[in-house]
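Just one chain follows, in the form predicted alone, and it is written as structure tokens.
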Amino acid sequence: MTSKFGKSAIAYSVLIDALKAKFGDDIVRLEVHERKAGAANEIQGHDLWVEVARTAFRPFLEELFTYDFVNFHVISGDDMGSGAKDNVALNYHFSLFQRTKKGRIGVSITVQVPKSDLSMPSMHDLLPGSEYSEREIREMFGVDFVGLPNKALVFLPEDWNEEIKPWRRDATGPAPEIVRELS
């Protein structure tokens, strides 16, 4: 993929305007957070928190590649409970313009995945380093990443009952009798 802006960082506001123009209503929520650091607590950059419709995740990620190489950090998740929010929220953490100190833009993409259809497209073909994070989310929440070539367990023992998802808060989570208190 070719970067629209070559090797130069762009302002986060330019990126936001371009993403809003391209994805419109597929952007459910967008927040900007200042990243401060140093003795003077100066602004070092900005982080975007964007929630997109599940169907827009892959095109949104591919669009980020047109601005710069996308540095993948990790996927985090949260079982949103039951009832109206019967979803698992996935947070994909990336950064753009990583090589520039003040030009770095953190981008976190949140996607609500309904528990009735726990599947997401894998991004392994774009970012092979995402494999372990996708495998971790699969084993802990039960999300299937379509296209992920290796779906073996990463952290749980090989004889683990895969119907039990350790980070879920519903009936698929661990039963109280198999939870060991650490303190």
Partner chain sequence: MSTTYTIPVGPVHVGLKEPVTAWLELDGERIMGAKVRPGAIHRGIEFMARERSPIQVIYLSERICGICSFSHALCFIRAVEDLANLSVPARGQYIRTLVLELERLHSHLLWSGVACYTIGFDSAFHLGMQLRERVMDILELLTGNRVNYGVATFGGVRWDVTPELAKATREMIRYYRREFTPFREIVMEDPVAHARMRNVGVLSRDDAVRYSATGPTARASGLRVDLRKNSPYEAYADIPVEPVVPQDYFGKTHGDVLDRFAVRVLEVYQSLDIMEKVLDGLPEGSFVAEPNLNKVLASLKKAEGTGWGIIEAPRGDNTHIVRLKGGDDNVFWWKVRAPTYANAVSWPLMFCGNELADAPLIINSIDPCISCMERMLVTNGNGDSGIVTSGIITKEELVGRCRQKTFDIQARGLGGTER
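Numbering follows the first chain given and starts at 1. What you are looking at is a predicted structure, and each value in this text was computed from that prediction instead of being measured.
What comes next is about the form predicted together with its partner chain, which does not appear here.
By the criterion of a heavy atom within 4.5 Å, Lys20 is excluded from the residues contacting its partner chain in the model of the complex. Taking non-hydrogen atoms only, Glu177 never approaches its partner chain to within 4.5 angstroms in the model of the complex. Although the partner is absent here, Lys151 lies well away from its partner chain in the model of the complex, with no heavy atom inside 4.5 Å.
Taking the partner from the other structure, its partner chain in the model of the complex has a heavy atom within 4.5 Å of a heavy atom of Asn41. The partner is absent here; in the model of the complex, the one residue of Glu63, Glu136, Asp144, Asp26 having a heavy atom within 4.5 Å of its partner chain is Glu136. Contacts of stretch 153 to 174 with its partner chain in the model of the complex, defined by any heavy atom lying within 4.5 Å, are made by Leu153, Val154, Phe155, Leu156, Pro157, Glu158, Pro166, Trp167, Arg169, Pro174, listed in sequence order.
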